[in-house]
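A single chain comes next, written as structure tokens; it is the form predicted on its own.
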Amino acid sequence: MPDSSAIPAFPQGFLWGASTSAHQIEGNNTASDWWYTEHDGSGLLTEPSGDAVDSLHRWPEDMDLLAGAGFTDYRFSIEWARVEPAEGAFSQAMLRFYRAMVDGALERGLRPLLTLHHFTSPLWFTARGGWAAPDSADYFTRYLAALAPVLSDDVEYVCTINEPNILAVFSHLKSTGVANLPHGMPEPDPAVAAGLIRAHHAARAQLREQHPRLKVGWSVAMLTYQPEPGAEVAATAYAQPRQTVFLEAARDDDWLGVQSYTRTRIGLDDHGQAIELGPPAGARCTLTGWEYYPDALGHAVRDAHRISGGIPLIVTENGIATDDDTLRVDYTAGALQALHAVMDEGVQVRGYFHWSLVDNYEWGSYTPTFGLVAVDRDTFGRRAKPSLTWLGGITRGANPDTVASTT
């Protein structure tokens, strides 16, 4: 296992955290569109989420593990379908619940980065047309207005929408599986993509007006397109609707989230059109079938910096699906070294959040394990993996006043 002290020093005040999302960890998100798909009888998903890892009740344990290991930040999401399970009916109990999570994080010395939409929507919203509906931004901003008690002055960072470029192709992902796209990433639905960008810009304006201290951004899945010789022009065109347009939409944001796991190799088919080539022959692959490629993070950050116009960046997700925790540490060490090298080039990066804090529901299956913490699927008992302590050691090195007491 690499010595955490061998990782180059990051700046004081750097955000060191881990990420989760509500549907993947809380359990029984019954008013959401994804829950409906899990139970609609179509058989499109291998497994339903069910109880997930019961973080609806066990979030204090999750935060204790993260803070105890020495981390300073926690990215988690607010579930719209819990806050507004029926159109116009807002749950005061759930608003108090998410405010309690914010308070709980702060009490543990964890700065919360709140994601306001992480893939799932209320079923009623999707049934009326979802993000493609002309008035979708109005419904989203109404929901954000209801979050005022949660987004008080002690919250600094919010992510409006997680991975809009993936959300815009969800109809394809639901039918084929996130890890099973033999023909490459489908092109996002133009109406959905436009609706997401419109909603993000409306949300940014509203949040800045109502909560002037907030730093507002969104997180984009960086697919790290790498063209084979001769495919450079085609790769640029291929990336435009799948990634570039969403980075360009962030140019006036306070920050931009980079989410990176692997690279995407682009070649040409017999007609000269761009195609995804998949991992090279003999490449090591993860439990999701993605190429083991820690250097992807450096490439992703460079691309995000260039396309977004140089706004501050935060790595809001980076990790590996593996049941070998030593491999997780090796991957993360390589990714952090690549990230530091890009920062040495002058790219402004404010933080790093590992995906994920806990092994969780990965959108159709519990098999891919990304977590720094293992969860017993029967008892929901938590067990810190060595990677949690290792990564926490880097955090403690950057924040010497932090005391580690991992349990």
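One-based numbering along the sequence shown. Quantities reported herein were computed from a predicted structural model and do not represent experimental measurements.
Another form, the form predicted in complex with a small molecule, is not on view; read the next lines as being about it.
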**Message:** How about residue 261 - does it come within 4.5 Å of the small molecule in the predicted complex, if we only consider non-hydrogen atoms?
**Reply:** yes
**Asked** Does the 4.5 Å heavy atom contact test between residue 292 and the small molecule in the predicted complex come out positive?
**Response** no
**Asked** Does the small molecule come within 4.5 Å of any heavy atom of residue 24 in the predicted complex?
**Response** yes
**Item:** Distance check, residue 119 to the small molecule in the predicted complex, heavy atom within 4.5 Å
**Value:** yes
**Message:** So if I measure heavy atom distances to the small molecule in the predicted complex, which of the stretches 344 to 352, 37 to 45, 362 to 370, 378 to 386 falls within 4.5 Å?
**Reply:** 362 to 370
**Request:** Just give me the single entry in 308, 286, 77, 162 that has a non-hydrogen atom within 4.5 angstroms of the small molecule in the predicted complex.
**Result:** 162
